[in-house]
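What follows is a single chain, given as structure tokens, in the form predicted alone.
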């Protein structure tokens, strides 16, 4: 016997229609390149989405066609996020921080047909335009510049269209969006999200024990919209009726704090690098900003050091650590404390909060080792595998990567982790970044987080370097805070309270900055190449 419930398709139309009907005057606020703010309400946005969807169909968009975007975070980008899939197409945000050749490769692999580009990013487009085959290109006047020759005006496109448009019937399993992985282990690979997966992902983000986004929130999204759909927030905020702040093409930590104060931000999302800069600004001017209440700071993309979580707490910025990947849409785990943990001592609570957290509803996790599934004992490491309704089942047109899925259909993340008896995941490292020294594993992430707890250290990346005796040894690449000086011996002593002698890096090299990927993660492959010939002095050889 089947259930007697209505079979209502889960599509993005339901999110847009809810926002325009119940929250028509809630705003999306965009920070423009000149520092001014532009505002549009959900009611007006929905009308522009219908105009754009109609215009795309009139331009020849067919079901399943890709509409690429080369845009910063702002309201016109949100319009495209809805209009392209609701017209029957697929929105494909291009990562503007990649090399032009890589952007051209990704666009060609995705078979993009149309492009919508910010006027301020036209020079970026010109660097790869000859290697692409876009049929039409529309330019958004994000900074107010004139439409360049060879392009069409985005605003003219909308002005000549009509909001009297009925969205075509769409199956919930039809593709809605496409994002490509960061490509740290080879060519970037396409992940294709369905309407159903995006709706379910948004519903999960609204849940109290996940991100808890509601109509009473003002959300600042610092995650680029070309990076896993800005963590899903351009869909979740309209679903909930939350005010959405988009920072445009980047701004200083001080500008971010100004916006957070003036707009009454309650939730802010971004990678650790951003919050390290914010923390520096708060230290320099501790009385400079007053928030209306505690701000939930969602950190993902890389593990925040425990010291950052503690310090931000002091300023009313309460960190919630989450984990995910392009392949997981991205939300898979959230590091909230359980009610039973409220009476724990602070050190134990901070240790738990610095982990990646436990699985959000509908997501399943397991740790796998060659001999089988690892126990959840907070000690036995294994490769983290995941499955659920918004987890990718394959890559787009990449059969060579089929081994990323287990024979029984679990996605192999490539992360080495432990899980404690409460279900909290602690990612030890990417499998390729684990350091194997003398047959024993060393976690570069644990060393990095410990180093960043030193008051003189701003950032630290730990990599493996070849060693004739031990196979590999750790090397720490360190960025100091402005005006600070520290000797390697002091850092060794600092780490010795937490690590065995054989785990401590053989050396500490100091640099002004650490190279990063386009989404803010340490680019360790570049560091390994840069320091591959580094040799430790003989007196600092480590014995067990």
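Numbering follows the first chain given and starts at 1. If you're wondering where the values come from, they're calculated on a predicted model, not measured in any experiment.
A second form of this protein, the form predicted in complex with a further copy of the same chain, is not displayed here; the remarks below concern that form.
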### Message
Quick check on this chain: which one of 128, 410, 275, 105 has a heavy atom within 4.5 Å of a further copy of the same chain in the model of the complex?
### Response
410
### Message
Can you pick out, from 463, 90, 460, 179, the residue that has a heavy atom within 4.5 Å of a further copy of the same chain in the model of the complex?
### Response
90
### Query
Can any non-hydrogen atom of residue 285 be found within 4.5 angstroms of a further copy of the same chain in the model of the complex?
no
### Query
Is there a non-hydrogen atom of residue 354 within 4.5 angstroms of a non-hydrogen atom of a further copy of the same chain in the model of the complex?
no
### residue 240, heavy atom within 4.5 angstroms of a further copy of the same chain in the model of the complex
yes
### Message
Is residue 216 near a further copy of the same chain? Define near as a heavy atom within 4.5 Å, in the model of the complex.
### Response
yes
### Task
Assess the spot marked by 303, 308 and 516: is a further copy of the same chain within 4.5 Å of a heavy atom from every one of these residues in the model of the complex?
no
#### Entry: Contact segment among 154 to 162, 220 to 228, 447 to 455, 421 to 429, judged by heavy atoms lying within 4.5 Å of a further copy of the same chain in the model of the complex
421 to 429
### Query
Taking a further copy of the same chain in the model of the complex, which residues of 343 to 364 have any heavy atom within 4.5 Å of it?
358, 359, 360, 361, 362, 364
